[in-house]
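We begin with a single chain expressed as structure tokens, specifically the form predicted alone.
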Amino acid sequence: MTSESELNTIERDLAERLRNQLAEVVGSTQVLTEQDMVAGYVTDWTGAWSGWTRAVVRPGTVVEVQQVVSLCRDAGVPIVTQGGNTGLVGGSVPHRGEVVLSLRRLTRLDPVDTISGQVTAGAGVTIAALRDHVRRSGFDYGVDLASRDSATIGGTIATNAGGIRVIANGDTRRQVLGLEVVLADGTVISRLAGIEKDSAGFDLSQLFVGSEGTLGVITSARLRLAPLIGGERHVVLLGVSHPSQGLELRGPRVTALEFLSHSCLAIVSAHLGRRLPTTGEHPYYVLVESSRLPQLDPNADAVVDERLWEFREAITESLSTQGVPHKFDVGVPLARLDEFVGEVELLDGDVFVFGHLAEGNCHVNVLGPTDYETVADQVLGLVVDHGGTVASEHGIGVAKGRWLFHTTSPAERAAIRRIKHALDPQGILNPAVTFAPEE
């Protein structure tokens, strides 16, 4: 019978052999194992989710990704795919020794196809880099978010990120025309032609959007671009008594429609050393960007200034100065938005709510002594009660796996598991994410 010490020795030998094989594929400098070098890869952006890894591997080509996946599959070692690591639900970090497959070196960025208004980009390209690249050709990318300098194309596709331009351009899924993906068995499928309408069977690319790295490794994407909007942009901050009042501002010229609670505006103002931008204090505020100044009630407390975006984008930074908040990215039907926000603000602790108004996407942040699971039960319980979704932008990850049972039927979960097993029968791709065991 093999002793525990002998098993540990066998495990160490296998791990060392795998690391040597990985180094042969990507180069020894692209396989990280020292604790100080892997620290930024094993803890997520919130600091709440972390684990350990056998190694961080940084391939530079799709062929290297293919070989790394094949080696890990043959060794029976699971993989966590990682982009900018800006997620909030622990879905992009290792938990039980998985190899971290960092795709930040996949920075392919093809010339813009100006005839079709499309571009092909590698999974490691950041949103900011893509935006700067396509703007030089008179286009824009339809997805924008505060973490644009770190968030990558691959990561935002894997979580179907939304951001501040959803009202004008739709979420990430709307931008994806095709993908290049490495499957769990090392097979590469590539659909990067950018055909606008293709009815020849299943749209395999869309299967991987929002899959959180559980079905395959996204290495490149063919993306639809938006026209670069010229002319003056009007940015208005409006004080309101309920978030839904801002929905009246929706229209074809509106490119962003955000809301934030007074607690958010107050903490940002204090952090930036500024006065509140509005004349008075209000329970909530709506931030709208439009090519035409919206028609407002003459008595409305509103400010027009393009610099107002700073108050919205500094919320996360301002909150971090007060501690590590419990973060929840959720969505509720617009008809229930006011009711949900009002109830969530009554929870214990300091509650800060902001989000993308047009789609009912709420970012709930709670500072206080209460543990994560207790707060999660309260916040996500309210989401379920109001007929919402527990994951609107950042996915399920490990944080919300058990809540998937409250928002999906047994038949849906069974179908999802069959797809997972068909594409990843050994379960090596991000095994801790989404597919929690049945209760």
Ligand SMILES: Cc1cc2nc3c(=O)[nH]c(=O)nc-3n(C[C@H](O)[C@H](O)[C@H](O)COP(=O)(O)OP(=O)(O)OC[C@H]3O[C@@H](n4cnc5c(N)ncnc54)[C@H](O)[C@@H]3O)c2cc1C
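Because the structure is a prediction, the values reported are computed rather than measured. Note that residue numbering follows the sequence shown and begins at 1.
Unshown form predicted in complex with this ligand; subsequent notes refer to it.
Enquirer: Considering non-hydrogen atoms and a 4.5 Å limit, which listed residue (72, 123, 288, 341) is close to this ligand in the model of the complex?
Expert: Residue within 4.5 Å of the partner: 123.
Enquirer: Select from the listed residues 218, 99, 223, 362 the one whose heavy atoms reach within 4.5 Å of this ligand in the model of the complex.
Expert: It is 218.
Enquirer: Is it the case that residue 49, even though its partner is missing from this view, gets within 4.5 Å of this ligand in the model of the complex, heavy atoms only?
Expert: No.
Enquirer: Consider residue 94 of the chain shown here, and say whether it contacts this ligand in the model of the complex, taking contact as heavy atoms within 4.5 Å.
Expert: Although this ligand is absent here, residue 94 would stay clear of it in the model of the complex, with no heavy atoms inside 4.5 Å.
Enquirer: In the model of the complex, is there a heavy atom of this ligand that lies within 4.5 Å of any heavy atom of residue 243, even though the partner is absent here?
Expert: So residue 243 does not count as contacting this ligand.
Enquirer: So, in the model of the complex, is residue 254 in contact with this ligand at a 4.5 angstroms heavy atom limit?
Expert: No, residue 254 sits far enough from this ligand in the model of the complex that none of its heavy atoms falls within 4.5 Å.
Enquirer: May I ask whether 330, 345 and 378 all come within 4.5 angstroms of this ligand in the model of the complex, judged by heavy atoms?
Expert: No, none of the three is in contact.
Enquirer: So which of 386-394, 22-30, 407-415, 366-374 is the stretch with heavy atoms within 4.5 Å of this ligand in the model of the complex?
Expert: Of the stretches listed, the one contacting the partner is 386-394.
Enquirer: At a 4.5 angstroms cut-off on non-hydrogen atoms, which residues of 407-428 are near this ligand in the model of the complex? List them in order.
Expert: The stretch 407-428, when checked against this ligand in the model of the complex, contributes no residue at the 4.5 Å heavy-atom cut-off.
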